[in-house]
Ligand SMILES: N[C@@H](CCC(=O)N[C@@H](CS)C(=O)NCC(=O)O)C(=O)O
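This document opens with one chain alone, in structure tokens, the form predicted on its own.
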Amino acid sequence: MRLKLYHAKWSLCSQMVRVAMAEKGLSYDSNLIKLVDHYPKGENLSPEYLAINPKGVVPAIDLDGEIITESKDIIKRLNSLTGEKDIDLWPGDVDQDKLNSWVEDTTLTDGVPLGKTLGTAIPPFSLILINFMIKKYLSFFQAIKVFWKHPLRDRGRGFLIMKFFNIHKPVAASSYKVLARSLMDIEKNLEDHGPYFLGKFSHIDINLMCCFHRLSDVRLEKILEIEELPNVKKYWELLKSRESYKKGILDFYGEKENGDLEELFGHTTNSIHLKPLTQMIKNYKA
């Protein structure tokens, strides 16, 4: 079966699918899409891509004419395929309710408000990157065009607002409680099961790998290393040691991606959100 993956380098959901494909040992034809928030001419809003995914978002995958567009659904479908590696990302001998609920909660799902689940609490911390890139790469007229053309009206509206305002601080702060509580839940679960979320590597670990890496991108990695979360710290190191972490995430960071991070953060090592999040976790533990 020939696999064609439509994805973007920095897209969180694209990273999840690429990691899954690396874990399964599946080869694919790569179709990198230049997103509107990263490039003046966003290919995700082109007629050609909208014919593949009418929502204008990535990832999407073409399996011999079968188009699948949500990362959770893509990974479940990929798991049914035979690759070069023998791994089951949806193992049947683990708690199925926990597997399903945590995959749902760690996926960025359309229709779920930002900050309601761990998967939707991570993007608010990414807004500092998106805010920066929209101001840098989109002209006023391009921002207006995205506002009118984006099939997901909330995204088009958000891009236009970010062209003129910095909204990342208050939006991220609204997700403190969910992120802190989620990290504590992961800590407790790892203490009970470990070394991976359900004992053995699964779809949940793929999602958490990508979510944790995004925290690293925005200078929040140290929240995964505080003394109140010793199991999370060991778990993150374990996830980073997997070959799929390099193949699905790190290998897609080039001169542009690293340059934007350097320009935005410079020598800053810690996010402004680190201290309040750390204190919140300490208070919970107390």
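Numbering starts at 1 and follows the sequence shown. The structure displayed is predicted, hence computed values, not measured ones.
Note that the form predicted in complex with the named molecule isn't included here; everything after this is about it.
Taking non-hydrogen atoms only, C13 approaches the named molecule to within 4.5 angstroms in the predicted bound form. The named molecule is not drawn, but in the predicted bound form it has no heavy atom within 4.5 Å of F201. Of the heavy atoms in T107, some are within 4.5 Å of the named molecule in the predicted bound form. Shown alone here, H213 lies farther than 4.5 Å from the named molecule in the predicted bound form, counting heavy atoms only. Of the candidate stretches 225 to 233, 257 to 265, 240 to 248, 57 to 65, only 57 to 65 has residues with heavy atoms within 4.5 Å of the named molecule in the predicted bound form.
Contact check for W90, D185 and I206: none of the three has a heavy atom within 4.5 Å of the named molecule in the predicted bound form. Taking a 4.5 Å heavy atom cutoff to the named molecule in the predicted bound form, the contacting residues in 135 to 167 are H150, R155, F159.
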